[in-house]
Ligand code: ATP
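The data below hold one chain only, encoded as structure tokens and taken in the form predicted on its own.
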Amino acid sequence: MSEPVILLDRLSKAYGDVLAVDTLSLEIEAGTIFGFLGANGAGKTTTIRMLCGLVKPTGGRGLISGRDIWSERQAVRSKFGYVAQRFSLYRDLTVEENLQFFGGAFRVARAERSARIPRLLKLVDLESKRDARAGSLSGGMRQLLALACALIHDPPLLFLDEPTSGLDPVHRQQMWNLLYDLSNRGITVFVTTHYMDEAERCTQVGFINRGRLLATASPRALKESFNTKLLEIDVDPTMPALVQLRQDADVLGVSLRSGSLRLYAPEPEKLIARWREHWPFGGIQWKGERLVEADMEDVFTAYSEGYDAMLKPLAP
């Protein structure tokens, strides 16, 4: 088996008494699209900044292609491209000038830059904007330019920190189409996001909450880790019911989904049977129910809220 592109062993980062990343252990193979998911402040950006050699870990270790992410960070930086959360290119330079600048910064020979830039402009659909100033581009186009600049030195690994945040649906899909193409070429993609639906687009997913890795597996395996289907019910009125149903001892949690209530309960069939005998919520009309499969939002909710009674261990 080949060496993983990324290997983390109890990697940690503390800011004073605050543990931003807590003993994170992880292996990512070449060509993987790894989705690193979690709420804002969960530790995603701190992790990616440690991987990029921008922040020194306070514990554990991390390797990229067998090199230490901190002690060998200068050598490691040639191995990856990085797209930050916020647009970090030069607004007064044109699209092509930004590519030329970053190509020079990564010591790409001038002749090689001349060959790569047209290919990258075509890849990100910015050929017609090559002479436009970066600051004049739309938000989606700026992110595509940032991706092209991250690829100018042809790295085998790409870090993207919430690259689709604020993008419209068209540019968001365009960004993901590009990531699929890069993965197909063998490039490893490490992408942070707080959009649960984007987890479905990844080949492997890791959930982080309060600095700790809750689970990591393929999206399919994570959804199949539930012991049971979820109970979804139609009630009227909805919002008072949401509050009241949370008080039931056999209900771990309740969320609103497309006008219906989705319940997290270890034994939903028994719950339905009990409620058929006696519906305890006065003033609430029960209009129907169904059992549904878990999605990635359910996965994150169950792991982050500690609904262990609904989950079975993931295969190693």
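Sequential numbering from 1, following the sequence displayed. None of these values were measured; they are calculated from a predicted model.
Omitted here: the form predicted in complex with the ligand. The next part is about that form.
- For the chain shown alone, Ala39 is a contact residue for the ligand in the predicted complex, at least one non-hydrogen atom being within 4.5 angstroms.
- Taking the partner from elsewhere, His194 is found to have a heavy atom lying within 4.5 Å of the ligand in the predicted complex.
- The closest heavy atom approach of Gly43 to the ligand in the predicted complex falls within 4.5 Å.
- The ligand is not shown here, and in the predicted complex it never comes within 4.5 Å of any heavy atom of Glu232.
- With respect to the ligand in the predicted complex, the three residues Tyr15, Val18 and Gln85 uniformly fall within 4.5 angstroms at the level of their nearest heavy atom.
- With the ligand left out of view, the stretch that reaches within 4.5 Å of it through heavy atoms in the predicted complex is, among 247-255, 260-268, 44-52, 273-281, 44-52.
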